[in-house]
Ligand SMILES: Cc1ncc(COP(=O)(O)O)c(C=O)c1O
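Just one chain is shown here, as structure tokens, and it is the form predicted on its own.
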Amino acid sequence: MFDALKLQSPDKIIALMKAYREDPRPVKVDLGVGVYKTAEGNTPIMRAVKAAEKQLWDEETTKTYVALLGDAGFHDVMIDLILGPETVPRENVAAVATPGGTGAVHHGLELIRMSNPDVTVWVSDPTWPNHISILDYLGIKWRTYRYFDAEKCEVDFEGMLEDLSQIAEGDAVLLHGCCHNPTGANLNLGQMAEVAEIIRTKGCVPFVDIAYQGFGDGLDTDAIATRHLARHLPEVLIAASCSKNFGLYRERTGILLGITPNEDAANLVRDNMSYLNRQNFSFPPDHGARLVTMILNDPELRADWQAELEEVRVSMLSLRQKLADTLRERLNSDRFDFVAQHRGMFSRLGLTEVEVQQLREKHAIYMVGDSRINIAGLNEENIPILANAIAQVCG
């Protein structure tokens, strides 16, 4: 039977990680995988997470299953974190814990397909590659809308509006809540309001993927666009991840929220969320969700978590500015000034695939083929290395 299987196309980022590990050169730079790193190249456990784990070690009395939807306390703290206290009545929000943000995206797309088997999901060009991969795996039709102007390295908002004018009733529009992956270029609130109005008049559903809340302009500011959609539209899906802002990568902690017009609709969505969990993996993992709940409910732990998260955010802003300044100096050009204006963990540098390949082969600098770099992979030592290499490749 198994000999009938076909080899699957390898994930480009996973393949890039493997190539980096196997590169024997003593000086090499990894800007590929989207994991936060300190200047020393480590991905530390956050202080509040470590403290909560010690507390949980002493207090936890059982490892039995949680509810199919996950723990209600986790739902409540995440709804408050993402939506704030007064954006939507709590009874109108359905929530389900998932294995990471990827699990939430997968569940959200399944829920959309269950609601409308003929749906077309509109995704930004470019977007996180796994969005497309999951859509293809689920057999869901998709189209792209223009998002990023590669020459100007900014949002192509006119093109985006023109493309979204073609969406049909019952379609879904996949949006990045903040810190757009892979470009780092975000819609401002006014632009998101225009997108929301198109979605409202067309009778579509927005599906927000917010994986980097707190990495851009701060926890609340990063959620403003998502809250606007939730406040002004009758139905919204939101997939959120705790991998980045809590550093819980391997705990696979995520959540899917469904904003509905009323409590009855929320109950219906909740029932289908339970069904999806049961079919895919039964009960969701709880360890990471439990830690998040403990941190957000404890004033001291929450304050320490927010302080450390702010340190991470400010550090990435500093790295962005340092890279932009160094590239300006090396190239005597403002070509890469946009890096300092973008937000989040990623920026797309606007290099060609040939230039990216030259950086890897000649300079041991690893980035995704579309020239997306992980800003958190930079530090004071490798920024000059990167800038010098780009100057040679682009010169």
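One rule holds for the numbers: they count along the sequence shown, beginning at 1. Quick caveat, the model's predicted, so the values are computed rather than measured.
What comes next is about the form predicted together with the ligand, which is not displayed.
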Check whether Pro284 has any heavy atom within 4.5 Å of a heavy atom of the ligand in the predicted complex, and answer yes or no. no
Would you please decide whether Arg252 lies within 4.5 angstroms of the ligand in the predicted complex, comparing each non-hydrogen atom pair? yes
Taking 4.5 angstroms as the cut-off for heavy atoms, does Phe74 touch the ligand in the predicted complex? no
Is Val105 close to the ligand in the predicted complex, meaning a heavy atom pair under 4.5 Å apart or at it? yes
Which single stretch, out of 293-301, 154-162, 274-282, 209-217, brings residue heavy atoms within 4.5 Å of the ligand in the predicted complex? 209-217
Contact with the ligand in the predicted complex, heavy atom within 4.5 Å, among Asn130, Ser315, Thr260, Thr120 goes to Asn130
Would you kindly say which of Gly288, Gly101, Gly247, Gly177 lies with a heavy atom within 4.5 Å of the ligand in the predicted complex? Gly101
